[in-house]
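For reference, the chain that follows is the form predicted on its own, supplied as structure tokens.
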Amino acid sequence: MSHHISGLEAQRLQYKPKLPPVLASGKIKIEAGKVVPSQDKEHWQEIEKEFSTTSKLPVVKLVEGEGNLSNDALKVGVVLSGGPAAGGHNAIAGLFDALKAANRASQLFGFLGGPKGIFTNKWVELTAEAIAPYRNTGGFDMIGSGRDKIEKPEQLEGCEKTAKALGLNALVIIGGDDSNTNAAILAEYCAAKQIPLQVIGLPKTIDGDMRNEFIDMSFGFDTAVKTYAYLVGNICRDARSGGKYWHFIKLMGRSASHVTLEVALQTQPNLAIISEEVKARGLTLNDVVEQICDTIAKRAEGGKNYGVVLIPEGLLEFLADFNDFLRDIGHLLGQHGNELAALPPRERIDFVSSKLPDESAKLYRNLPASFQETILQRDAHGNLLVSQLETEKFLADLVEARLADWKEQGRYSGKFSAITHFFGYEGRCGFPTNFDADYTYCLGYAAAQLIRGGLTGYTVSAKNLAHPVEKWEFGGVPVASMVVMEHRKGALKPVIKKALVELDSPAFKYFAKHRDMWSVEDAYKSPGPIQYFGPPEICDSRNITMLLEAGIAV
């Protein structure tokens, strides 16, 4: 790392993350609870077959006490997987500190460039000196990250070979739902072959969709939403100051709208579209355009030709008329992906149209040219590259055209000018909030205890996060119990079930109760930049979603 660091970087390096009493005491034991089967009742037999060794493990909790944790010197590997999220470095630091606290001879190895670093045996030993410049900083640049999977036989065998060469006792995979599923697959592979490698996952994703009854919040979400809310709050103030622009802002959230909902709660824009509500109501693209135009027209009647619209990046996948279309595209790619890849771009449109059902073919031909190409691309996990779809510009153009029609019909008399934004990467690598700095350090610290307890096939669980750190509870949830079977690349694959915004949740209900007022009034709030020093109610504040879900008034 460069010696030319900012004043804030220098100060953040001195921050000491807080630990709950059970982790700080050093007297920790693992308490086993109940076995929780997957919620996917339809495919339970497939899940049990896929994870025959690790599918009947109990949920565990870390409690104060002594008796069942090893103090042996351990060799542990750690890898960062997928997109960055604030706090990843602190997760590594917490893991390192906990291992060293138990036995100074323990070693930590960081695999370089993501999961590929494991099965190609690319690593660096992480010493106290190597970790020191990265404590409480953002990014994943300590060891890098990647989106490679661990599922093919040659990848699993490569991991086995590396583990044996290094003499690893355990591996910690820091990632989201796909990465933790990979951790479960590797754990099952090792357990079935009696390879003495434990595998533990940590819940990371800024999208906030890796949460359930065992995990209150994925790490990185808090920092990301506060970063975006600061930017959106600035734009709300700018919209009111200039009085002449409508801002269409797309926010991160490939599958779930947690980010959009939280940013809306923090900034109170004129309109925030929640994908899960769109799906529940069976809304089409035309319905969403009408909704936006209605809001613009109502504000124009009051002389307000400006406003802010928040759009989740995964919106298209939830629209009634796009849902079947995207499924058809997915099947086409699974069956004809190689043929398609061999074609020059100019021939792809006709090829795709010829293979799709009539309605989907018609929709595909009417998409903007940039959409037609991007909609065919997938990431390493088989997911649509929704962040590359300029949904915000697509919607702004459709709204402009609809308002022009309304003006001719006498339904609208205002002035419309749109500016579009996409806030995505801006939120992934910022300095973690005090919450995320504490949370990730605790996650790493807790992972070390699960390893010392001889466990494998678990993701670190975290409860009571809306409360002060002293009340936080950590443990482990078997990954197999969170898994469901989904169609990926034309075949059923095990994946951790994504947590979507629930329309009966306290956070959504609060939003629904207030949004009509926000749509016509300038009720904008400016949360300002993330604060690291000062009153705890500001610096250690929780996001609004977390508080509402815990029944805490906001």
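Every value quoted in this text rests on a predicted model; they were computed, and no experiment measured them. Throughout, rigid core stands for the largest set of C-alpha atoms superposing within 1.5 Å between the two forms. A residue's number is simply how far along the shown sequence it sits, counting from 1.
Below, we refer to the form predicted in complex with a further copy of the same chain, which is not included among the displayed structures.
Taken together, the three residues T120, A192 and K493 all stay farther than 4.5 Å from a further copy of the same chain in the model of the complex, as judged by their closest heavy atom. Between the options E160, D141, D397, E151, the residue in contact with a further copy of the same chain in the model of the complex by a heavy atom within 4.5 angstroms is D141. With the partner omitted from this view, the residue of R428, R211, R299, R452 that lies near a further copy of the same chain in the model of the complex is R428 [heavy atom within 4.5 Å]. a further copy of the same chain in the model of the complex is not approached by D540, whose heavy atoms all lie more than 4.5 angstroms from it.
Residue contact with a further copy of the same chain in the model of the complex: T227 places a heavy atom within 4.5 Å of it.
a further copy of the same chain is not shown here, and in the model of the complex it never comes within 4.5 Å of any heavy atom of T374. By the criterion of a heavy atom within 4.5 Å, K244 is counted among the residues contacting a further copy of the same chain in the model of the complex. You can rule out all but one of 129 to 137, 270 to 278, 404 to 412, 168 to 176: in the model of the complex, only 129 to 137 has residues with a heavy atom within 4.5 Å of a further copy of the same chain.
Contacts with a further copy of the same chain in the model of the complex, taken as any heavy atom within 4.5 Å, map within 50 to 85 to P84 alone.
Comparing the forms between this form and the one not shown on their rigid core, the Cα displacement of A369 reaches 2 Å or more. In the model of the complex, the CA atoms of S370 and S255 sit farther apart than in the displayed form, by at least 3 angstroms.
Between the C-alpha atoms of S370 and C293, a gap narrowed by no less than 3 Å is obtained in the model of the complex, as opposed to the form on display.
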